[in-house]
Ligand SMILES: Cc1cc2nc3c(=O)[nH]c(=O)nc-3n(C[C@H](O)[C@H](O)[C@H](O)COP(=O)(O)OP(=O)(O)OC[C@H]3O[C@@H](n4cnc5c(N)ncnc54)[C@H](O)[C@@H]3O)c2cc1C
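Just one chain is shown here, as structure tokens, and it is the form predicted on its own.
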Amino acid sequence: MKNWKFIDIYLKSKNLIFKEKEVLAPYTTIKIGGPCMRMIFPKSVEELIDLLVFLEREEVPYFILGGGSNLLVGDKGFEGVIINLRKLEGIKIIKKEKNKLVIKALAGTSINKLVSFGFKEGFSGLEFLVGVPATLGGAIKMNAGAFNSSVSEVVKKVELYKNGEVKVVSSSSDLWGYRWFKEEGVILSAELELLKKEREKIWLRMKSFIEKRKKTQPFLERTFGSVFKNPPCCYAGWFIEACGLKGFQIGRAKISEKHANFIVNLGGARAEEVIKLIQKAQEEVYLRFQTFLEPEVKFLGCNL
């Protein structure tokens, strides 16, 4: 049992913003999840690093939370600290040339703010993620991608914290995998390179991607994004749909009728219901196609 009064004394001494026993559901895109012991909102990289050093020294379990997508939190919550990065945001220009813009953004900066920034400056590169409720740190961690593009294509450097040290790694092909950034640690910031493009063309790309999402995905419903990674041969949604599972429902959780690789919270769904749906899809697909679907979603306070 952790001495939470001692932890609170530290947080107050550092003027850190925090909440006690905060329910996690409102902070996730699928709106599911019980309480954490403390939720802390660092406002700067320095605050975040000091906090990480303290928590690791005191052996307090913690989890980094960005936009809350790609995450399923258990119904009983998390017996530890949630470090919420939503206040750790900011974008600055490092280099601006005729055909290239290099920017540095903090890990909590939303992807949509980055897309908007590029549009205003007249530089392109992240439009394929427009409408995705993710932060930069989370997008890098999972090498977020869509429409045959991925974050790794624009990231040039990543600053991260690991084992009490801060280091900067230059992006290279061996650092990235499918939905995976191979360097461990807490991402603090990153440098991105965007390319010059007419604003009208950027706008048309953004509009096209939003329209595709609305047409093919449960865009405005409560989901955590794609449930499974795509196997090498085919789309995960194709396998699930081929098993007749579109619209299959357990409790208040349902496999989307619009896209089978999404699970929708119809309102009041529990994590255990979502997990049963995930297991159902895995079992049916394996029995029929001998293909194992690997989850893309991350689990906190619950086990698949």
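Counting begins at 1, following the sequence as shown. Being a predicted model, the structure only gives us computed values, none of them experimental.
As for the form predicted together with the ligand, it is not shown, yet the points below apply to it.
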property	result
Heavy atom within 4.5 Å of the ligand in the model of the complex - the one residue of 74, 90, 133, 231 that qualifies	133
Residue (of 42, 237, 67, 35) lying close to the ligand in the model of the complex, criterion heavy atoms within 4.5 Å	67
4.5 Å heavy atom contact, residue 129 and the ligand in the model of the complex	yes
Partner contact for residue 296 in the model of the complex: the ligand, 4.5 angstroms, heavy atom	yes
4.5 angstroms heavy atom contact with the ligand in the model of the complex for residue 248	no
Non-hydrogen atom contact residue 144 with the ligand in the model of the complex at 4.5 angstroms	yes
Segment that reaches the ligand in the model of the complex - one of 196-204, 93-101, 167-175, 181-189, heavy atoms within 4.5 Å	181-189
Interface residues of 150-173 toward the ligand, as seen in the model of the complex [heavy atoms, 4.5 Å]	none
